[in-house]
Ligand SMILES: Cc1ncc(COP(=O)(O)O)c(C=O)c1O
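This document starts with one chain, in the form predicted on its own, laid out as structure tokens.
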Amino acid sequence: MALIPYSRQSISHEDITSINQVITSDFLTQGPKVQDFERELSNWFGVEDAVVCSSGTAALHLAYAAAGVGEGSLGIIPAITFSATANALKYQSAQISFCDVSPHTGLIDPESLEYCLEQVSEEQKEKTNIVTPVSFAGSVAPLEKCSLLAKEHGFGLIEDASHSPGAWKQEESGSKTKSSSGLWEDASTLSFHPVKHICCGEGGAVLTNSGKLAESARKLRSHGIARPFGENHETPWRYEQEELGWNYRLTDLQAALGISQLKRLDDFLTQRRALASRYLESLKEKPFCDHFELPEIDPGNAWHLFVIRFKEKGKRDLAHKFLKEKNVLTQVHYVPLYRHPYFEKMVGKIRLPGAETFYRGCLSIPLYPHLTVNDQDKVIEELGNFVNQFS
């Protein structure tokens, strides 16, 4: 039986044609496609500016740096996320505080965030500090609540939206919040890794309504270099390094693929939502419901991941091994960051109840736009075979 991965890219003939057009052109990098991609992204997400870069991690680093995060700053992030959310803060020599998440969704818990903010000293609040909610697995984080709390304590807000392009949620206030809209956050960041909604091979973007933040991120993306003069100046070639930046540029090859992928993002979302609905319908009855919980039904979910949560300790790891033997690959998203040796040395051996509960049972099963009905049926069948061992 063919291997069924937990996720994979979807590459079309149009994607290949777009890359071929660039590879035979004059510019493989630092050409016009990068600006074209940025314009298309800002239009699609409805924000003032998009700054594309070499990875989702680079996008986080640029967003933090452009927001003024530096030595002495504090970043508060949820414990359930990928390392990049925290690592990019450490690149700027910032301190990190982990807050808890909902044990059911893995999303940042506003009550835990409020507690973390209340522990921050007044001296620390005088510095540039950041809260980074993660819109995890395709569900939008409680951005409105996080924003209000962050502002109350003088913190900025950057959404890690690498899982959630096209996602939206209904807030308790009645308003509709879209991921990466700029309504509540100073900036948001995307990832264009192959398992994400938009594939560039690697890549990322900072989305913002702040011209100042976008200008800084764009400069830092290319070594901190600025070009002070226009084409009509006697030295139009002149450039000046104004600060220390990085080479986080995206190539035109990647940008061309991104433009082509972006045109299909609505279709990708439709396919992901249809597959998730099929899982929700098929797995809600016995014997499945006796052994694991399903994600919440949410029409605005972008379904980057479909995460089931085993009720009994140890079942998750047994299921992972059982399914792998049947050529069905799954993944755990995520080990709480404070459990990793690097962060444990930094914050000590802490345990947050919501993060621990979510982590203990979570398993991401296959979900991607071109997952066939037959393959999805195979996943469901093998999950049934697994849980039937315990019935």
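Note that the structure is predicted; figures quoted are calculated from it, not measured. Numbering starts at 1 and runs along the sequence shown.
Note that the form predicted in complex with the named molecule isn't included here; everything after this is about it.
Asker: Between the named molecule and H291, R316 and V332, in the model of the complex, does every residue show a non-hydrogen atom at 4.5 Å or closer?
Answerer: No: no residue has a heavy atom within 4.5 Å of the partner.
Asker: Look at the stretches 171-179, 143-151, 262-270, 81-89 and give the one with heavy atoms within 4.5 Å of the named molecule in the model of the complex.
Answerer: Going by heavy atoms within 4.5 Å, the stretch is 81-89.
Asker: Please identify the residue among S55, T357, T29, S42 with any heavy atom within 4.5 Å of the named molecule in the model of the complex.
Answerer: Checked against the cut-off, the match is S55.
Asker: Consider the chain as shown here, without its partner, and state which of L74, L220, V134, A256 has a heavy atom within 4.5 Å of the named molecule in the model of the complex.
Answerer: Selected option: V134.
Asker: Should D160 be classed as touching the named molecule in the model of the complex when contacts are defined as heavy atoms within 4.5 Å?
Answerer: Yes.
Asker: Quick one: does G203 come within 4.5 Å of the named molecule in the model of the complex, counting heavy atoms only?
Answerer: Within the cut-off, so yes.
Asker: Can you tell me whether H193 touches the named molecule? I mean in the model of the complex, with a 4.5 angstroms heavy atom cut-off.
Answerer: Flag for H193 set to yes.
Asker: Contact with the named molecule in the model of the complex for V51, defined as at least one heavy atom pair within 4.5 Å: yes or no?
Answerer: V51: no, not in contact with the named molecule in the model of the complex.
Asker: Output the sequence-ordered list of residues from 60-76 with at least one heavy atom within 4.5 Å of the named molecule in the model of the complex.
Answerer: Just L60.
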